[in-house]
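We begin with a single chain expressed as structure tokens, specifically the form predicted on its own.
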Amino acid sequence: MLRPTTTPELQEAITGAWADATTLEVRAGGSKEALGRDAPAAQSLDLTALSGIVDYDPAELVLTARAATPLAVVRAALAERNQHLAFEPPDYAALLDSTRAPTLGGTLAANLSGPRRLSAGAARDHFLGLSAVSGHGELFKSGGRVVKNVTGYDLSKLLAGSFGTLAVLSEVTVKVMPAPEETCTVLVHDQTAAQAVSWMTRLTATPIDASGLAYLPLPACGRSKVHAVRASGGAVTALRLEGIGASVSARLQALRDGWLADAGHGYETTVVDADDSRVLWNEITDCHLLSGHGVVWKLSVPPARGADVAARLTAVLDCEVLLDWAGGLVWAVVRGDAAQEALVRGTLRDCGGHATLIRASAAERRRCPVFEPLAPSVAALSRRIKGAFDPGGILNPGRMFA
């Protein structure tokens, strides 16, 4: 195992591996080792020592940290100044049966975002700059501390979601935002998935400005620590409001005067306070409401098609679904050990979505495509990019595609 403690040592380690044609498994915290194809490499490149906040300027809303800095450390530093990572990075450790802690660099490399992606954007939208080492040992930088400083190719957007297959991040700069002053969640009980998605998608076009919209079926509600959700006795549609106190109160009143009456049609509604709201959305973010058994798929679809895709899934598979991002994200837990990828991806016909296998056995992750298969033209472009950044194919080989 290679354990560089500085960026020059990282560069030296990768240069040596490239010269020796030694493949490297890149990892920071290791919480997402089971995410992606199972493709072991000859050596492990452990970035644990590349940790710590390098610079934090609350007034400029920007933070720079070494890639393996734990998310918990970043969050604690931001909380002291009433700021946060607005893209709400998830922690999939429990979902992937890991005891390791997620890192800032690993989160950006996987481009993982939570429920607030609906209003704040994806992780890559907050990724301002980086220092990294390519697969042939070249140290390069891209971006800066503010968006207007970025010139040339915005490589942070390219490396976000590349799962360490193009270059190894050593230092990253992200945009941070003021934490909301107030938060509350409105629960609408007993809607069907189709009713919930119709209501949620219409709400996204209004000034209500919800920062979270999710549909939780009965089994998911039963796993929640929030009493109002757990004791609902049926499905729950959750809507989160965040911001300054006066704004949250005004939008909540607007909901009560119009949109809740429209959504309800006799359905019961409940408003939960800030503490319960934070617990619930943490559960949704970190996938704690999903079953602990079975194969887990993450399907990204046009929000208006979320209920349709969910219905197709449950019609052809023994599975459980949960909808986030106003219907744009469908979590599916397929019972059993088989990924059933043909049936899962078949439900996406005619809707333009894509499916990613999140949790499955190592054998299944070797056998079937974990990520949505690329069109031939896109695959050819991806190979050219891989060849430019990692000509020897030593960085996480086979992690994304065979």
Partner chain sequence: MLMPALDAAVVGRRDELAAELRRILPHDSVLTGEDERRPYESDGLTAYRQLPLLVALPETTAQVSAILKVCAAFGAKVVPRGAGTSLSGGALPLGDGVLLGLAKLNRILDIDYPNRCVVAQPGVANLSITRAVEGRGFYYAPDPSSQVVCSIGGNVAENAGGVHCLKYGMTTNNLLGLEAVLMSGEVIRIGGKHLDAGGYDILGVLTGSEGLLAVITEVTVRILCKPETARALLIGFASVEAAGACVANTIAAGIIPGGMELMDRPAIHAAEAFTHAGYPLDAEAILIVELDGPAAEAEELSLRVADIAAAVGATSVRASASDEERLKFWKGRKAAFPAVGRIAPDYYCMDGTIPRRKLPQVLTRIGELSKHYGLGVANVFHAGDGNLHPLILYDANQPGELDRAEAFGADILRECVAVGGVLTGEHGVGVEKRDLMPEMFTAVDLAQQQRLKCAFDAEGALNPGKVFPTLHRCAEMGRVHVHRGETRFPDVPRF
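On a predicted model such as this, the values are computed, not experimentally measured, just so you know. Positions refer to the first chain, counted from 1.
There is another form of this protein, the form predicted in complex with its partner chain, and it is not shown here; the text below is about that form.
Peer 1: In the predicted bound form, does residue 39 come within 4.5 Å of its partner chain, counting heavy atoms only?
Peer 2: Output for residue 39 is no: heavy atoms all beyond 4.5 Å of its partner chain.
Peer 1: If you check in the predicted bound form, is residue 206 within 4.5 Å of its partner chain, heavy atoms only?
Peer 2: The answer is yes: residue 206 has a heavy atom within 4.5 Å of its partner chain.
Peer 1: So in the predicted bound form, does any heavy atom of residue 158 sit within 4.5 Å of its partner chain?
Peer 2: Yes.
Peer 1: I'd like to check something about residue 352: if you look in the predicted bound form, is any of its heavy atoms closer than or equal to 4.5 Å to a heavy atom of its partner chain?
Peer 2: Although its partner chain is absent here, residue 352 would touch it in the predicted bound form, with heavy atoms inside 4.5 Å.
Peer 1: Taking its partner chain in the predicted bound form as the reference, which of 189, 278, 124, 288 has a non-hydrogen atom within 4.5 Å?
Peer 2: None of the others qualify; the residue that does is 124.
Peer 1: Of the options 303, 217, 129, 102, which one has a non-hydrogen atom that comes within 4.5 Å of its partner chain in the predicted bound form?
Peer 2: Exactly one listed residue reaches within 4.5 Å, namely 303.
Peer 1: Counting only non-hydrogen atoms, choose the one of 171-179, 267-275, 228-236, 72-80 that falls within 4.5 Å of its partner chain in the predicted bound form.
Peer 2: Answer to the contact question: 171-179.
Peer 1: What residues, if any, in 119-141 have a non-hydrogen atom within 4.5 angstroms of its partner chain in the predicted bound form?
Peer 2: Going through 119-141 in order - heavy atoms within 4.5 Å of its partner chain in the predicted bound form - the hits are 122, 124, 125, 134, 136, 138, 139, 140, 141.
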